[in-house]
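There is one chain below, alone, in structure tokens, taken in the form predicted on its own.
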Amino acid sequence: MPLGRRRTAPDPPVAPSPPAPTPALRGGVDLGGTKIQALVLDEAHTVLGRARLETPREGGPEAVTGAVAAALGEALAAAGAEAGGLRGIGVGTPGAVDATAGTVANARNLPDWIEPYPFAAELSRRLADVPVALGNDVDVAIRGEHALGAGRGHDELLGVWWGTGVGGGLVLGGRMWAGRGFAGEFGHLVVRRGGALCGCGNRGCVEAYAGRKSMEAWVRRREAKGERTDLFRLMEKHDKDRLTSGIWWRAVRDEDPLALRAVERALQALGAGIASAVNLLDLPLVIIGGGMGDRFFATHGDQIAQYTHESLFRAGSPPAIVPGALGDDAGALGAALLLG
């Protein structure tokens, strides 16, 4: 070895850096015509933070996307987390959902939302570019009940979501049944041919009688013809700009005659629709959820069962009709499950 040079030990091999841990938290959002429910969950589906905001009535998809981002921001703050710490965000939304493209169109219970809008990309942009997965709002709520709630352990069931509109979903063979992409449209089962005009353009749909939006329109027409109701006084008293499920519940509790008639029409339509679905598929279980369903099942669930029973082919073997177990969290929990 030449004088003046020292042999040095070779550098130890450098271990490769471990991959960055995948964030364990997930966001779940239930976007409805009346409210936005946002949750932050851990891997065990424990809710760490939640927020609830009213859905904008104007401003189009941009305003709704901003409100969803705001609700998630509040839920993240409650969880002591930031958007960048989320593995992803699942959103259940009304309308025609293209999960692959990340777009939503024809969301008629949301303001001015008809044309396809890049909802997933726009929401992701507002929240640290976290991946966003989209699903139909009712489908994800029923997915949540099937996996974590009242449908746990059942391979076949019908979910009926009674709210601003009336939605539905099917679990067959232990999996959500999509058909050609639009299966489970319970609200558009025709229960009276040539009946009330539905928002979809057809007549006699379940939703034309039982959707909260359709019920409000029916009451307004009756009031304009001179029938009396306290529904709108209650709406103003509670600083609401629509007849929410809470307003309907208070009016029925106070035996408002017009509210009672509207709810009776809704219950009859729901029962007829459930019976038709059960007659076709011989389903053993029906879960009732949604804003109106959650409010009214305790007091009116027996009437839904009665009206169902009256139209069953196999009256001696009725399905179990039960309330959802997850309440307002069903949609957001189910949406989070979209992330796997």
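Just so we're on the same page, rigid core means the largest C-alpha set that superposes within 1.5 Å between forms. All values reported here derive from a predicted model rather than from experimental measurement. Numbers follow the displayed sequence, beginning with 1.
Below, we refer to the form predicted in complex with a further copy of the same chain, which is not included among the displayed structures.
For the three residues L53, W218 and F232, a heavy atom within 4.5 Å of a further copy of the same chain turns up in the predicted complex in no case. The contact with a further copy of the same chain in the predicted complex, taken as any heavy atom within 4.5 Å, belongs to E310 out of D302, D42, E310, E62.
For the residues K213, R250, H188, R87, the 4.5 Å heavy atom test against a further copy of the same chain in the predicted complex is passed only by H188.
Partner proximity in the predicted complex, defined as non-hydrogen atoms within 4.5 angstroms of a further copy of the same chain, places exactly one of 235-243, 177-185, 103-111, 78-86 at the interface: 177-185. E156 belongs to the set of residues with a heavy atom inside 4.5 Å of a further copy of the same chain in the predicted complex. Interface residue remark: T34 is not counted as part of the site for a further copy of the same chain in the predicted complex, having no heavy atom within 4.5 Å.
Among heavy atoms of R222, none comes within 4.5 Å of a further copy of the same chain in the predicted complex. Among heavy atoms of L280, some come within 4.5 Å of a further copy of the same chain in the predicted complex. Applying a 4.5 Å heavy atom cutoff to a further copy of the same chain in the predicted complex picks out C200, N202 from 199-219, in order along the sequence. For R108, the Cα coordinates differ by 2 angstroms or more between this form and the one not shown after the core has been superposed.
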